[in-house]
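Only one chain is given next, in structure tokens, and it is the form predicted on its own.
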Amino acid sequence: MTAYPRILTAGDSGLVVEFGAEIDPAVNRSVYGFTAAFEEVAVTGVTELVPTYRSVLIHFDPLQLPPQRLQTEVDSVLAQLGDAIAGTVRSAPLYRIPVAYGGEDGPDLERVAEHAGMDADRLIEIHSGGAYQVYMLGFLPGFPYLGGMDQSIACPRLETPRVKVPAGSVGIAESQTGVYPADSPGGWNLIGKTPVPLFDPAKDPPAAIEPGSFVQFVPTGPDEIGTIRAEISAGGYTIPVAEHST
């Protein structure tokens, strides 16, 4: 049986710290607990930390930082954190994302509701009723992989992916939900759309949602969506953020 955490090499300039073998909230808390602690150490030669569902990839410059020394730094942080990482209660941002559900913005809503054995209003209520953990960003820049969706609304991916999914589309695939930050091909079931841009390379940081944070979708009517679009165009819109304890 594999013992975690474990450390693996990734070429000559990468080190992977694994905290488990499954997608699990406690494992993901360990990932971000370690990431935050290691960032505070500020090891010279580390160029980037990439947290994922269950591991952290550490990019480093081997000319500045020998692999053996990096592993010593990793071992030191792990020893300090011990078994407390996963069980630590922490506060994380909760982003409230406005969504127009159904119609042209959510062409698969009715079909997903039928698959779940409920009407569309009930599906919207369930989908917007929870706080989703941002396990990681990937696939597209700024695409949040969200965990914690109610299994009653899970739905298989499309058999034939769409050639183009509009930016802002909110989708469901299997037991996950997420938001497309840019126009892209995709096979997720589209149930709604947000006007809020989730990725802008001109901003710092470019991604509007942080990995390790939480997202809640807010059903929003057409008039308010129009107002939000106008505020975004004028540069005056900010995603509402609250604190969420985990």
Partner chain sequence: MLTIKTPGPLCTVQDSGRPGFQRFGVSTSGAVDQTALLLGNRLLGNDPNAPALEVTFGGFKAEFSARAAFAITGGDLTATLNGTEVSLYTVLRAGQGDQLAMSSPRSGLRAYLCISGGFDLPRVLGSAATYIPGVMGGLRGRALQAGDKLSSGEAAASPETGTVLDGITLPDWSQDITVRVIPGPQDEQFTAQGIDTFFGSEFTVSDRSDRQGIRFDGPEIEAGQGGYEIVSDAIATGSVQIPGDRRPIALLADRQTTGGYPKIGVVATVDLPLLAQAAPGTRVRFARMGVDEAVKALRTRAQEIERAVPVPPQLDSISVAIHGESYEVALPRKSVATGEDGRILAQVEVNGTLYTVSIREDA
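Residue numbers count along the first chain shown, from 1. Quick caveat, the model's predicted, so the values are computed rather than measured.
Not pictured, yet referred to below: the form predicted together with the partner chain.
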- Message: Taking the partner chain as it sits in the predicted bound form, is residue 220 near enough to touch it, meaning that at least one heavy atom pair lies within 4.5 angstroms?
- Response: no
- Query: Closest heavy atom of residue 50 to the partner chain in the predicted bound form, within 4.5 Å or not?
  - Reply: yes
- Does the partner chain come within 4.5 Å of any heavy atom of residue 213 in the predicted bound form? no
- Just to confirm, residue 11 within 4.5 Å of the partner chain in the predicted bound form by heavy atoms? yes
- May I ask you to choose, among 78, 140, 167, 149, the residue with a heavy atom within 4.5 Å of the partner chain in the predicted bound form? 140
- Please pick, from 37, 26, 207, 70, the one residue with any non-hydrogen atom lying within 4.5 angstroms of the partner chain in the predicted bound form. 207
- Query: in the predicted bound form, do 16, 54 and 57 all put a heavy atom within 4.5 Å of the partner chain?
  - Reply: yes
- Which of 141-149, 167-175, 119-127, 97-105 has heavy atoms within 4.5 Å of the partner chain in the predicted bound form? 141-149
- Residues of stretch 186-203 in contact with the partner chain in the predicted bound form (4.5 Å, non-hydrogen atom): 199, 201, 203
